[in-house]
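First, one chain by itself: the form predicted alone, in structure tokens.
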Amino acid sequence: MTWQSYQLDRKAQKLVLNYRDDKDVLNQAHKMRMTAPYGLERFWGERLRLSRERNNKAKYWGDTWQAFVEIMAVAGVAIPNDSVGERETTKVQAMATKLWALPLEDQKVALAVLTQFCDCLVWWTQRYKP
């Protein structure tokens, strides 16, 4: 067995740099970290709530989710990532059901990785915040 880098820190740095000029958006990293322990479906769904505000916060959450899905794919865990709009209730329910249906071991690993990924986002936010 060899060491496998999942690039958490690099992906977090890139995300923070992409949103560095929008202080209100950058503060979302702390909220992401607080949300991660509540579950994958709540983390995923926060983007839908924020999309009503018509700003970049929802996009930051969505880009973070996308990066997380890519990280987990490298680890061999397929995380559902359907394209869903805030008003598509049937699709929202279907996506939540898919996340809840993940095997328990995959959920545990995914939440641990998501939490660590959010810690990386917070760390880079504190360094790069204007």
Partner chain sequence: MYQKAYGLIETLAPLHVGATAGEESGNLNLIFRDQFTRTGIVPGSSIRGRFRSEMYHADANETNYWYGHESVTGQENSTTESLVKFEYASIVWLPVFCPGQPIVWVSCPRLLKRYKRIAGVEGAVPDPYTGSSNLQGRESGGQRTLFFNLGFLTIHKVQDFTGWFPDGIQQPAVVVDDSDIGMIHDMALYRQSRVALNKEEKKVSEGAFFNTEALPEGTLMVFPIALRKEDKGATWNPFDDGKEAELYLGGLESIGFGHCRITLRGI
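Numbering follows the first chain given and starts at 1. The structure displayed is predicted, hence computed values, not measured ones.
Below, we turn to the form predicted in complex with the partner chain, even though it does not appear here.
Within 4.5 Å of the partner chain in the model of the complex, a heavy atom is found for none of 53, 60 and 89. None of the heavy atoms of residue 18 is located within 4.5 Å of the partner chain in the model of the complex.
Within this chain, residue 13 is remote from the site of the partner chain in the model of the complex, having no heavy atom within 4.5 Å. At the 4.5 Å threshold, heavy atoms of residue 106 reach the partner chain in the model of the complex.
Mapping the unseen interface onto this chain, residue 77 counts among the residues with a heavy atom inside 4.5 Å of the partner chain in the model of the complex.
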